[in-house]
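Starting off, we have a lone chain in the form predicted alone, written out as structure tokens.
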């Protein structure tokens, strides 16, 4: 049986590896982006000089031939589902018995006037990184980033490493407040400004203006202000990369529609990773999951299903994610929305220095923990995953909070301050139980 995988990112590669571990099927990985799989999350560190490109490849180049996974550097332009064939960019065709589509995301573009000018770009692919190198090898007195979120702040940090002054145009009233509640969003907004960035909140891009050579020279905002710039970075999110499937019989909505076994409406065709959209997502999960670890989980389950002829469904448990806003780490577990649902309440604690905060969301009636955000604090994922699955109450979580924290050298504990505020706010008398790694192990083993 010949299995063709479109996309050599974390989803496609994980599927290939698990199929190979369990079978002798012929496997072909197709990608037009790079010859070999690399860690997309490390793109910023290549630009900042912390790593080189070859450091971001998890496997040596000989790995693929040794494991009999064939590689093809090319773009697929069409899926002929009737004849089980793929059309390459040169018109040649590839036969398949089973097809896995793992083609990732693309940067959102909203038809802004001037978005195709020289010096205007996004940041998602390896080609985008190369373009950024070219654009910043020329004189850049100021860069403008359009859009907030995680990609926007990563790009700001990258440009700051080259000492390029940067303006961020963010249409929300506070940074990423379409995802973060007010406390966390305000903390991050302050932090960005404290690092010297020109953060313009509640400001939108109107148009990008060219110079006489067709290169960007300024942006005009919706409020009428002109900002002179030689580099514009468009970071208003990403969407599933499915436009190339517009003439296909594969059903799509925002992404490629799948069930919990990653099956599309066409037999023997599957979709995983950023490009996939669940018709009926698992409880507590989004229809589209555009993060590294979920793509890896998709690939592992589908790879095992195909190799072993299983029909296991995707059921990953509570949502979680992590990221960084400059030097502040961010972790989230369960569901924390910008505004509480009708049956939810919150408890928010922020340290006096405004650099650390914890936000709990819980059920009003049962006080069952529903989600938690942590900023500037590194917590143990396994423990929060366990508490959410066990539907632990807020009192239980607060008392055992010390067991969730790492204890690196020079780490400043926060739990006693948080418990003090919790006791005052809820007229409680909770005391912190044993903290540290031994307490974590005891809780995990119970």
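Residue numbers count along the first chain shown, from 1. Since this is a predicted model, take the numbers as computed values, not measurements.
Same protein, other form: the form predicted together with a small molecule, not shown, and the subject of what follows.
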Response to the item:
The listed residue (288, 123, 297, 357) that reaches within 4.5 Å of the small molecule in the model of the complex by any heavy atom is 123
Worksheet, complete the sentence: Answer among 37-45, 384-392, 411-419, 62-70 for heavy atoms within 4.5 Å of the small molecule in the model of the complex: the stretch 37-45
Discussion item. So, residue 33 and the small molecule: in the model of the complex, are they within 4.5 Å at any heavy atom pair?
Written reply: yes
Worksheet item: With the partner left out of view, is residue 154 within 4.5 angstroms of the small molecule in the model of the complex by any non-hydrogen atom?
Response: yes
Item to complete: Flag residue 274 as yes or no: does it have a non-hydrogen atom within 4.5 angstroms of any non-hydrogen atom of the small molecule in the model of the complex?
Response: yes
Discussion item. If we define contact as a non-hydrogen atom of the residue within 4.5 angstroms of the partner, is residue 10 a contact of the small molecule in the model of the complex?
Written reply: yes
